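Okay, here we've got a single chain as C-alpha cells, the form predicted alone, with questions on binding and movement later.
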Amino acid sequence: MRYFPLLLLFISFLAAKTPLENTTCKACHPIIFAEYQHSQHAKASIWNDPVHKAVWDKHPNKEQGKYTCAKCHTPSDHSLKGGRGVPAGNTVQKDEPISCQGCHRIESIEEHVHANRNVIQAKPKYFYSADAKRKGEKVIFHETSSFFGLFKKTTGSPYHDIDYGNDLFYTGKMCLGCHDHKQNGKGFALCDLGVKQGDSNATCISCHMPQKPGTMVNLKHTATHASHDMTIHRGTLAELSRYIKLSLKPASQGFTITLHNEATHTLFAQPLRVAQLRVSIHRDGKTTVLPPRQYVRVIGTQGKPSMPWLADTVLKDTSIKALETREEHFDTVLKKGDKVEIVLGYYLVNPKVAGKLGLEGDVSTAFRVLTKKVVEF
C-alpha cells in the first residue's frame, strides 16, 4: 500500500497538466499558426492592442483590480476567470490571449441579455471543427498493431480528437459568444451587431475566414485551409470588400450613390468606430473633394458623449445595418468626361475620441479603405 500515495500524486499530476498551447498546434498546423500571429485574436490583450489598453487605462475597474474583459479578450489566461485580478505581462497575455483551443472547444453558446457566454466542453484534447464532407463524423485517435507490434497503424491525430458534428462551426454562430452584443453595468447596449441572416448564405466563417491555398495540416495534405488571419483591420479587407456594393446614378440635379451592405450584420457597430463615404470628382485636371457622409453610433449620458461604462443613451446612430441599402444624394451636376471616385472606409477610433484616449498618431487612427469604385462619364 505504500505505493498508493504515489499513484494518487501521479493521477493528480495528469489531471493538472497544462492544456495544449499554440506552440503544440504549430507542429502540425504551421500555416495556420503563422496566420494566427497576425490576427486580432493574437492581439486581443492590453499588451498587444493599444485601443483596448487605452480604454482599460481609463476604466474605473482598473483601480479596483477587476478586469471583466477577460471572458472574450484573454480567455486563455485562466488566472483572470471571474474578474479576478488584472492582466499581468505574462506569455499567455502576450502570445496567445485567445488560443486555438479557446475557439475550437466551444461546445455551445448561452444567450444572455448582458452578453452571450461561450460554453467550453470539458474533455481534454477534444476539438470541434468544420468540414462539409465529414459533417457529423468524430475522429478519435486510435492505434493498432500487428505482427507482435512490428507494424502499427494510427487513425486521427495523436494530439487531439476532432468532432465535425457541431453545427456552430458551420453556421458561424460559434463567434457570437463574444461578437454579438455587450451591455455595460447600467444595462445599456454598448454595441450590437444586429445579425440578420435573411436569405444570405454568408456566415462569420465564410466571410472572415475564407479558404486560402495551403495545407491545413502536415499529417494530411489539403489544397486549401480556412484563413486564420481573422481581422477586417489587416489581411482580409480585399475579401470583405465584395460584400459592399457601390453604384452611382446621375440626375439633372446632381447624382445619387447607392451603398448596399450585403453583410448580415451592422457595419462597424462598436461605438469607437466611424465609417465615411468619400467622394471626389476629377474634371479637367482638377479634383473636387465633396464633404464626406459619416456613419457612426455615438453613445453618451446627459446629452453628451461619454466613455462606454458611463453611457446610458444613444445620441446619434447613422450606422449601416445588416443587408441595408443606403442612398446618398449629392447636388453636384456631373459632366461628360468626369471621373468620380467613391471610397467607403473607416477609422478604428473616431478621430474626435482618439485624443481623449491618448491615441493621437497611433496606427489605430489611420483611415482604412474598405472598398472603392471609379465611375467615368
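Numbering starts at 1 and runs along the sequence shown. We call the rigid core the largest set of C-alpha positions that still match within 1.5 Å between the two forms. Quick caveat, the model's predicted, so the values are computed rather than measured.
This protein has a second form, the form predicted in complex with a small molecule, left out of what is shown; the following refers to that one.
Asks: Which pick from Leu277, Leu259, Ile281, Leu176 sits with a heavy atom within 4.5 Å of the small molecule in the predicted complex?
Replies: None of the other options qualify; the answer is Leu176.
Asks: May I ask you to choose, among Leu310, Val51, Val343, Leu334, the residue with a heavy atom within 4.5 Å of the small molecule in the predicted complex?
Replies: Of the candidates Leu310, Val51, Val343, Leu334, Val51 is the one lying within 4.5 Å of the small molecule in the predicted complex.
Asks: Would you mind picking out the stretch of 247 to 255, 210 to 218, 84 to 92, 283 to 291 that comes within 4.5 angstroms of the small molecule in the predicted complex, counting non-hydrogen atoms?
Replies: Selected stretch: 210 to 218.
Asks: Looking in the predicted complex, any heavy atom of Cys25 within 4.5 Å of the small molecule?
Replies: Looking in the predicted complex, residue contacts with the small molecule include Cys25, since a heavy atom lies within 4.5 Å.
Asks: Check whether Thr301 has any heavy atom within 4.5 Å of a heavy atom of the small molecule in the predicted complex, and answer yes or no.
Replies: Thr301 lies outside the contact set for the small molecule.
Asks: Within a 4.5 Å heavy atom cut-off, is Lys321 in contact with the small molecule in the predicted complex?
Replies: Heavy-atom contact with the small molecule at 4.5 Å: absent for Lys321.
Asks: Would Trp47 count as a contact of the small molecule in the predicted complex, using a 4.5 angstroms cut-off between non-hydrogen atoms?
Replies: The answer is no: Trp47 has no heavy atom within 4.5 Å of the small molecule.
Asks: Tell me whether Val363 is among the residues that move between the shown form and the other one (Cα shift of 2 angstroms or more, core superposed).
Replies: After core superposition, the displacement of the Val363 C-alpha between the shown form and the other one reaches the 2 Å mark, so yes.
Asks: Hey, the CA atoms of Ser364 and Thr203 end up closer or farther in the predicted complex than in the shown form, with the change being 3 Å or more?
Replies: Compared with the shown chain, Ser364-Thr203 is farther in the predicted complex.
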